[in-house]
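What follows is one chain in structure tokens, specifically the form predicted alone.
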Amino acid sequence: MDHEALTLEMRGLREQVAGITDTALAAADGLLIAADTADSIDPEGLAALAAAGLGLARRTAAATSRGALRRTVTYGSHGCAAFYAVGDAALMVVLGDEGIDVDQLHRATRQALHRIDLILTEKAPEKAPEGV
């Protein structure tokens, strides 16, 4: 697994969306894979909490026939925490301040999540057919 590539993806997302303060990537079981967090954040604890929350959200989506879970967002008085499924085996946590545009965040994460999934599964990016 290319940890440097994962870190670059997380930092790239932070550069694309104003208001992102921290990011972390975890396995579905809550083990930390990579983090770009402030010293005040415990990345291992964040990964474990995110996995538990995402697991509950996945079960809720399944029990209510809402399909595969894509994301969940928790809003607090000082910002939000967005949790994104990365395939079936991982998740990404994005913390944002009060000014973050959550709709912009959701748009920006789509491609980043796809690339992160490819890195985690060590699949080569799909190439466009020649002549296209």
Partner chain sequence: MSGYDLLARSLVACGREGLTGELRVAGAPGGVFHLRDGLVVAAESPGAPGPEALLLRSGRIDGEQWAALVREAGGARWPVAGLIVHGYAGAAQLRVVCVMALQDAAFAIAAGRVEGCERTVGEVGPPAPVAVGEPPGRLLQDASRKLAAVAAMPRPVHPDGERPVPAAGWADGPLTELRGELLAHADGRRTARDLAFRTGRGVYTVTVEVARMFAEGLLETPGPPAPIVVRTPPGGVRQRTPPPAPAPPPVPAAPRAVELPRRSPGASGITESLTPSLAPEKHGASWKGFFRLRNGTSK
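For clarity, every value in this text was computed on a predicted model and none was experimentally measured. Numbering follows the first chain given and starts at 1.
Keep in mind the form predicted in complex with the partner chain is missing from the figure; the text below concerns it.
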In the predicted bound form, which of the listed residues (L56, A89, A63, A68) lies with a heavy atom within 4.5 Å of the partner chain? A89
Against the partner chain in the predicted bound form, would R110 count as a contact residue? Criterion: heavy atoms within 4.5 Å. no
4.5 Å heavy atom contact, R14 to the partner chain in the predicted bound form: yes
Taking any heavy atom pair closer than or equal to 4.5 Å as contact, tell me whether A27 reaches the partner chain in the predicted bound form. yes
Does T37 reach the partner chain in the predicted bound form, with heavy atoms at most 4.5 Å apart? yes
Partner contacts in the predicted bound form for 1-34 (non-hydrogen atom within 4.5 angstroms of the partner chain): M1, H3, L6, T7, M10, R11, R14, E15, A18, G19, T21, D22, A27, L31, L32, I33, A34
